[in-house]
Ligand code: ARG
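Here's a solo chain for you in structure tokens, the form predicted alone.
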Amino acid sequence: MPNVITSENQLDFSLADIPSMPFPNKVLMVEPTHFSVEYVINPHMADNVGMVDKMEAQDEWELIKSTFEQIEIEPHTIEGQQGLPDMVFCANQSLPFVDEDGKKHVFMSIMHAEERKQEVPYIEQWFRQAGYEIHYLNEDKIEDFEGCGDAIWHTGKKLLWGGYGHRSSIRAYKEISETFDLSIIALELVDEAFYHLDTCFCVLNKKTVLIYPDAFNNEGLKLINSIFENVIEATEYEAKKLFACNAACPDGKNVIIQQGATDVNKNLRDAEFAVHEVNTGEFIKSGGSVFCMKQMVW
């Protein structure tokens, strides 16, 4: 039954009750040719306007792309567009999904910031050419929704985690829930430095999640702990300065993460994940890291 859950007492299912969903086996990335920090739409950008080393950014992006290849995730790339410096963060413009019959769907985003709204049609074009059925939110009722920046699939399950409060409206989740016939656990974000769910919440496998706990209110933490058996917590430094929770674990075992997150990476290895450290320092200047820079697709 479609349902948007905002408190622990609304949970009327266990993870075992949720249908399975296949792992995506491809990754979509946008080339960083035009990436830079040209404006300020989050706290991380404030001191970094004009400060991006574009050659270094290209090298960082290439390493992430090659790391996906190493773990047998096939990359697909889109050219970046001049005047859209944040288009490289391609988790944000869409929410893809595969139904029980294997049919591919995607909800297109309504970007919160005016500076990013024109990114969406370029991403939509790729999905259209790849055979996805395109869905749109009702813009008369919904102000904003930033795709997989805020909407994160539970590994291998038809269950969506949805962040709201900064860049995505909780109203969007009701419409998505009804269209895809699924339950969504909605988590309110309470710290502007963690403006997307993917900055403070990383699903690693069916039982394990990496979070920065202070980004959530008590009800959100209760929901997280009700579903996940193992909750790995990042320190403020590693979450805010190194974007440790903006890691990507596309297959439930390999984690691609910003280098230097010593405590988190030790905990990941202790939990038997394979850790692949990369440098995303130029992209962190704009408020994003590994998870932001990719969209998992089928």
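For clarity, every value in this text was computed on a predicted model and none was experimentally measured. Numbering starts at 1 and runs along the sequence shown.
This next part talks about the form predicted together with this ligand, which is not shown.
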property	result
Listed range touching this ligand, judged in the predicted bound form by heavy atoms within 4.5 Å, from 41-49, 257-265, 232-240, 26-34	41-49
N92: touches this ligand in the predicted bound form, heavy atom cutoff 4.5 angstroms	yes
Any non-hydrogen atom of G149 within 4.5 angstroms of this ligand in the predicted bound form	yes
This ligand contact at S168 in the predicted bound form, heavy atom, 4.5 Å	no
Touches this ligand in the predicted bound form: T199 (any heavy atom, 4.5 Å)	yes
Residues in 262-298 with any heavy atom within 4.5 Å of this ligand in the predicted bound form	S286, G287, G288, C292
